[in-house]
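Starting off, we have a lone chain in the form predicted alone, written out as structure tokens.
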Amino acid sequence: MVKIGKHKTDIQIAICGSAGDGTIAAGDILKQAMAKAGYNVIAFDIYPPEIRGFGKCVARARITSEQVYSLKSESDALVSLNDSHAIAHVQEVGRYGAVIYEDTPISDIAEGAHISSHLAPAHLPYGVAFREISERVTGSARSRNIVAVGYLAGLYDMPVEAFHHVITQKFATKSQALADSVLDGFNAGYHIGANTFHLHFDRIGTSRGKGKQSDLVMMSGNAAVARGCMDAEIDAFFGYPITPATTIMETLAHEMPKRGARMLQTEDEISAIAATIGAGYAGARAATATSGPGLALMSEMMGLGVMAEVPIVAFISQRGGPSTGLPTKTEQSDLNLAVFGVAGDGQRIILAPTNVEGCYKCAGKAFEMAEKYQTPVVVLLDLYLSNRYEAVELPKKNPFAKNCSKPITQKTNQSSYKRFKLTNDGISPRAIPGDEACMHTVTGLEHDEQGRPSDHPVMHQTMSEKRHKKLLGAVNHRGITISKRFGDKRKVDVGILGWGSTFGEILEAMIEARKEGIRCSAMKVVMLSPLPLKPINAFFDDCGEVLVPELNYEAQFASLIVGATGRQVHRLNRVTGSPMRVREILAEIRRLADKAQMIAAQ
């Protein structure tokens, strides 16, 4: 357990219950309040796939006063709203961690069914009458989750004003009587927690400071994507619901009409991508969002977007696969589909943010890249990143350019405009339907410079070179991190190469390894197609051994890197449906560091 001193805070709390217990709502109040109070927060919720509302829910939040990059492997406190589900998570509580549970059940409990019988000797038990307190204060047991949050806040001396603010906002649309009742439940729990004899010496320390509070916004990866779309002035969105991408569409459905933009739920994913390409062809900033099964359906139309050089953006949130797979579990196994899933040589730009702030930046910059390089751009998330909450500091000035298309700089007549004109950079002046004297043909067939179908071998060779050449400039696109190195800047024993949401765990593992004296460095790669080969090769040159951790069975990113660079890597692959564990990566770093030292000594 990380010691919480007077000036530093690093505590991870897990709330576990059944669907209907208010577990996710309790976790939301906790993370929103602590972010409001100025703390860094990383949170991730787990919920069941069944629509009928049964199954286990877990809300985890790591609250810190300093910058961190992932959840911890062990929690410092576990709150049980349903023992049958929470018992399995007792083993995830660290030494001297608190386990908070209901100690006044309303019926007889079978032997071994109460969570208290599963605590380790080093766990600190706190039994609380959540149901009884809720019924006494609010007249109903339905607020026992709020009582539990209040007790937790009181036990750890959390800032009560921030919780009052969040609860008031959360129930602003409800009746005043209900809002007051919820506050009463929280206050009752807080009072009992604050006056409970503490079996440990941990408290919440100071936050990052009041000067930062106004800039911090607590949001999920999907919410950050939606915010990036809005700041990039999206014109049209077409989508079909699918976990875990649905909340992007839901958020945009609420926000886009306010600005005169249009959102349409289509009958399926094929219709969604077709409509998106149609809107992009017509000059709109258009996007869609889906998950792996939806992307598989979209592959044919993606090829049309590449061939017709139509700018669109597709947000793909990966989940466990193949097929329907694991709808509510995270995975990074759609990389091959995103990069190669199209008929023929259909390369397009692939971006993979590594944190919630990156979701915002990649979302907005994707529209710039789509227009500038006249191609579909895929932004690749996963369930862990889509549903992960972080306290994000958004820019006060909109960082996204409005129109990045290559303009038509000379007057044309009806026969001289060449939509697919061959240029030095491979990018053609773009006209949209209705532009004067710019009539042209667009087709899915191979074509000449004016768009007329052509199967001439020289033309196909030339146009294939054009479509690939124009993408090379994307690795130098301004205003976005394409790749970045962390840690030691010189020669190291171990380098860790990562992408997507797993990079947070990679960074934490690297930091711990350096504390142990291991010479190591980490590099995140945000642009997966085309790959930024120059910095990647330079990274390899500095590393004795290179480790690639990722959440898929086939080592898809590792294979992509090996194929592009010819370098050898060590693979660390997990498909548990959960985020990678820091300790697993750290163990591999130690093993490879020992190997590098042995080789150096020979």
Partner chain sequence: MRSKKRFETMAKREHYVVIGNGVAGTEAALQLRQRDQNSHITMLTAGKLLSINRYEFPKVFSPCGSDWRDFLLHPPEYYDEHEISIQRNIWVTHVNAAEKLLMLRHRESLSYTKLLIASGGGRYIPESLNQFRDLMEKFGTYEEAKTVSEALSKGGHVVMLGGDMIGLDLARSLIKYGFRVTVIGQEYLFWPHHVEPAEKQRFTTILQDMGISVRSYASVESIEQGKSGRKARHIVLNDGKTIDADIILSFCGLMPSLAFMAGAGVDIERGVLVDPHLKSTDKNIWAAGDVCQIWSPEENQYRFYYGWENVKEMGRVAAFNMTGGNESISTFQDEKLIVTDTGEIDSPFWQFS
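If you're wondering where the values come from, they're calculated on a predicted model, not measured in any experiment. Residue numbers count along the first chain shown, from 1.
Beyond the structure shown, there is the form predicted together with its partner chain, which is absent from this document and is the topic of what follows.
Trainee: Okay, which stretch from 92 to 100, 324 to 332, 161 to 169, 372 to 380 lines its partner chain in the predicted bound form, with non-hydrogen atoms inside 4.5 Å?
Mentor: One stretch meets the cut-off, namely 92 to 100.
Trainee: Within 4.5 Å of its partner chain in the predicted bound form, heavy atoms considered, which of L178, A113, V458, L472?
Mentor: Filtering the options by heavy-atom distance leaves A113.
Trainee: Within 4.5 Å, heavy atoms only, which of A141, L422, I480, L119 is in contact with its partner chain in the predicted bound form?
Mentor: So the residue touching its partner chain in the predicted bound form, by this definition, is L119.
Trainee: Does at least one non-hydrogen atom of H123 fall within 4.5 angstroms of its partner chain in the predicted bound form?
Mentor: Judged by the heavy-atom cut-off of 4.5 Å, H123 is in contact with its partner chain in the predicted bound form.
Trainee: May I ask you to state whether P105 is within 4.5 Å of its partner chain in the predicted bound form, using heavy atom distances?
Mentor: Result yes; P105 sits at the interface with its partner chain in the predicted bound form.
Trainee: Verify the contact flag for T196: yes if a non-hydrogen atom of it lies within 4.5 Å of a non-hydrogen atom of its partner chain in the predicted bound form, no if not.
Mentor: Judged by the heavy-atom cut-off of 4.5 Å, T196 is in contact with its partner chain in the predicted bound form.
Trainee: Since only the chain is shown here, I'm wondering whether A343 would be in contact with its partner chain in the predicted bound form (any heavy atom pair within 4.5 Å).
Mentor: So A343 does not count as contacting its partner chain.
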